[in-house]
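Only one chain is included here, represented as structure tokens and corresponding to the form predicted alone.
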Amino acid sequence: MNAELIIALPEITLVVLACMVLIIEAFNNDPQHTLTYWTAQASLLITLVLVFINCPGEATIVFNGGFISDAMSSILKAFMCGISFIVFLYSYEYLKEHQSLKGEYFVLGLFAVLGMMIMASAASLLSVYLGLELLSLSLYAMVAMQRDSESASEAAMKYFILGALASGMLLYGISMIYGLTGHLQLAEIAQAVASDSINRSFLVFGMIFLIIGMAFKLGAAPFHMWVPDVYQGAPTCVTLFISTAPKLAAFAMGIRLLVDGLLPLVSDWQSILMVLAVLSMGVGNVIAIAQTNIKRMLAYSTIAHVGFLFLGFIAGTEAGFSGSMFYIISYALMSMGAFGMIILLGRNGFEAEMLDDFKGLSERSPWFAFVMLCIMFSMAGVPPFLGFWSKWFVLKEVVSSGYVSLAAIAVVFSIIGAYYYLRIVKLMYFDKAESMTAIKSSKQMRMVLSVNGMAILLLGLAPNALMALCIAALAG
């Protein structure tokens, strides 16, 4: 087999398997869609195994400079597949319980994962855009999947229109950078920018449009308009998917564009990211306090977390980028657990999406109240949970780079943000339950959600392995 095809074997395998799942779904008459579900899960596991087998000793660029296989891409792809596997499990339980099971969810999910993997291995502006559009188109369709739901249709329309606008801006930035440098490959763009032979003002102008596209995908303020409406309006299983693995892809996009392609302009994009970080932390944490819908609250929480994610980029060092990678992986695990809890407490005809639905959970289920406590404490950055170390990692690097005032602002907003997370803990442990309805879910769901919650605690108690993995991924 051609050596270049072997490098891209996980992606090639996933696209073949996704098409196979699509064919199975087209001829499947099973209302439970069992074969579609298990084939989709098997596809993710096979791809995960191939990612491990294909993990390179050193960075390898193939397809005329359009595709790179390195440590960072392999680690991110492994997490994308692993997280998507658990998300599919939660989603299957949700769709089955709410009698809205559609095999299209898993088909679109697989194509979205393929888009994420392409973004993780993008070595040219075109492959970044190709991966982003494949991911985005899949997500638009997933949000609109419940055609009878007005809120889902409205959310999908907002997401599509704003997403198209952001894609257009990104494409405009790509065309400017290409026009100025004459290259699409990120390594060659970096060399051209470093040569100082190109007007810096024009380069910065093109770079701004690239950052806008990246900020939109991450949900950073002031490009966050879609996040609360999509998180609240979409089915919970779709919100769960959007809030987890695609964030890893958006981080990879940031590394590829800003670090691999535009590192010589680091002083320029640092100042832009500082503004985005402060705005995101401020808007996210302050507005989240006023929310009564937990999905909407977690949407504003996402915006705030993106602000912290940018702190690692602002540091401008390898350790800072590693801190951002650690942060986004930690966030994906925490978000997966939080939305998993919403799915667990819901039932047919009832979505547990209001904060009051968590009242007295410690009486109904002491164990899952403790799991939610771990998730909320971690999101708030309380030691020794995983979220504390993710915040500590990026703050340490920001201070080391001399941005002490920025770190102080981040700490203040983190303290403000702790209020709305701890409010859920207060509702669970100190308020009376409005209903003592038994929690109905499968053993699979309970076990995986328990493992999800305990992973946040255990990784917080021993964070060094994950930190070392992230540092190794960005080394060199």
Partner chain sequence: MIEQIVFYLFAAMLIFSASMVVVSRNPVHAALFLILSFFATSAVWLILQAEFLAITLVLVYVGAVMVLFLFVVMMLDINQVVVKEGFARHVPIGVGIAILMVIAMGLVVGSDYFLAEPYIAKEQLDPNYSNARELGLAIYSKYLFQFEIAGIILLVAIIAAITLSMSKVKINKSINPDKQVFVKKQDRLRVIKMAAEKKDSEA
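It should be emphasised that the depicted structure is a prediction, and the values quoted were computed from it without experimental measurement. Positions refer to the first chain, counted from 1.
Not pictured, yet referred to below: the form predicted together with the partner chain.
At least one heavy atom of F111 is located within 4.5 Å of the partner chain in the model of the complex. Put simply, K96 is far from the partner chain in the model of the complex: not one heavy atom of it is within 4.5 Å. In the model of the complex, the partner chain lies within 4.5 Å of some heavy atom of F205. Among heavy atoms of R364, none comes within 4.5 Å of the partner chain in the model of the complex.
Across the options 300-308, 195-203, 239-247, 339-347, residues that bring heavy atoms within 4.5 Å of the partner chain in the model of the complex belong to 195-203. Residue in contact with the partner chain in the model of the complex (any heavy atom within 4.5 Å), chosen from V286, L89, L265, A144: A144. Proximity to the partner chain in the model of the complex, defined as a heavy atom within 4.5 Å, holds among M274, L355, V259, L134 only for L134. Highlighted residues N64, F67 and L130: every one comes within 4.5 Å of the partner chain in the model of the complex, counting any heavy atom.
Shown without its partner, the chain has K102, E104, V107, L108, F111, L114, I118 in segment 93-120 as residues with a non-hydrogen atom within 4.5 angstroms of the partner chain in the model of the complex.
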